[in-house]
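Below sits a lone chain in structure tokens, taken as the form predicted alone.
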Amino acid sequence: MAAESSRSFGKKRVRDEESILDKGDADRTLGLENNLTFSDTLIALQMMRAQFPNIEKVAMQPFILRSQLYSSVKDRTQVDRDLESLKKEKVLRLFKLNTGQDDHAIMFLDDYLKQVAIAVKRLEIKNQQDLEVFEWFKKYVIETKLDVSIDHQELCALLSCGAEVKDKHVTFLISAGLLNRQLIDPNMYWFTIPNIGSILKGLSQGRKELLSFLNRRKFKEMLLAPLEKKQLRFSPLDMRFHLRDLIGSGHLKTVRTPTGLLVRVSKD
């Protein structure tokens, strides 16, 4: 009962914040210079969710990188505290990404469940009994395990709340892209976002492309407004997405000038 109450409170917070964004703040055309920083973590998350780029040929619900939050909310300690609270309230989930040592994606729980539904549908499992494992996963694993990883024994124990667990059930979860075995310890799994693989490849390529572009400029810098309008060749994610990411990770920094905000490559 307490968990349901917490989740209801979390949902209410999200609705309250969304009502703020309905006034037009979430307009995709709003320049990054005018909405780079926020005082509230949840408002920042909602804004970036609303501005998530439309990606052709890939069915992907919006996600936000933790580094992007760090670029938008100055107090990183507060960001981490807020993320922990929102995670416990079951408003969102965090996922460890394989694109960098400390790369994490954030996805609102409702969006994640939609992504799971898309992945299950694509598997085209005809046996209805085999599909039950995904309901067990949502009901017993997602609801209770809030970490970014889970070990095999605990996974099977939670799934067994639904019925007897067989090896094929875990295989289905891996095939759907909901779990990924850890290389260091095969008995551990990362929770993963289904269908994100090609986007993560683009994320890595886009980072390199943007940094390479700025490094080739005389002073390794450019005004934010014209830079934001440039198109990346090797990433399905837009320039705004990459700028937030690289500013938050410390690879880029911003400097206020009389002509506008300047983006500059950080010195090693």
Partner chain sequence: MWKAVKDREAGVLLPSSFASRIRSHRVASFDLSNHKEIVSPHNGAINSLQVDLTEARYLLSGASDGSAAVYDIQHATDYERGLIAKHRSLFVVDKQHSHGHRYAISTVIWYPVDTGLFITGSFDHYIKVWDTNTTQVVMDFKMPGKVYRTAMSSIATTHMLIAAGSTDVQVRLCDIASGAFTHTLSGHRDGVMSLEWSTSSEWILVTGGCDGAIRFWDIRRAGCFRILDQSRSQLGRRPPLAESTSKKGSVTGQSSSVKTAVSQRRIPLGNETKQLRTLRKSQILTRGPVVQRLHPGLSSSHNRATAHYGAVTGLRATGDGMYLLSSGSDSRLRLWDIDSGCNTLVNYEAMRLQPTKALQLAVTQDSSLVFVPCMATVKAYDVWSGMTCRTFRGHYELVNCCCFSSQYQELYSGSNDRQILVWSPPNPIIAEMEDGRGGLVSVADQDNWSD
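Keep in mind that what you see is a predicted model, and the values were worked out from it rather than measured. Numbering follows the first chain given and starts at 1.
Unshown form predicted together with its partner chain; subsequent notes refer to it.
* May I ask you to choose, among Lys114, Lys139, Lys88, Lys121, the residue with a heavy atom within 4.5 Å of its partner chain in the predicted complex? => Selected option: Lys88.
* Asked: Though its partner chain is not shown, can you say which of Asn187, Ser175, Thr99, Ser198 has a heavy atom within 4.5 Å of it in the predicted complex?
  -> Going through each option in turn, the one that passes is Asn187.
* Contact of His169 with its partner chain in the predicted complex (heavy atom, 4.5 Å) -> No, no contact at 4.5 Å.
* Exercise: Glu132 in contact with its partner chain in the predicted complex, heavy atom 4.5 Å -> No - in the predicted complex, heavy atoms of Glu132 and its partner chain never come within 4.5 Å of each other.
* Asked: Does the 4.5 Å heavy atom contact test between Tyr70 and its partner chain in the predicted complex come out positive?
  -> Yes, Tyr70 lies within 4.5 Å of its partner chain in the predicted complex.
* Heavy atom of Asp110 within 4.5 Å of its partner chain in the predicted complex -> Looking in the predicted complex, residue contacts with its partner chain do not include Asp110, since no heavy atom lies within 4.5 Å.
* Arg76, Ser249 and Ser266 each touching its partner chain in the predicted complex (heavy atom, 4.5 Å) -> Yes.
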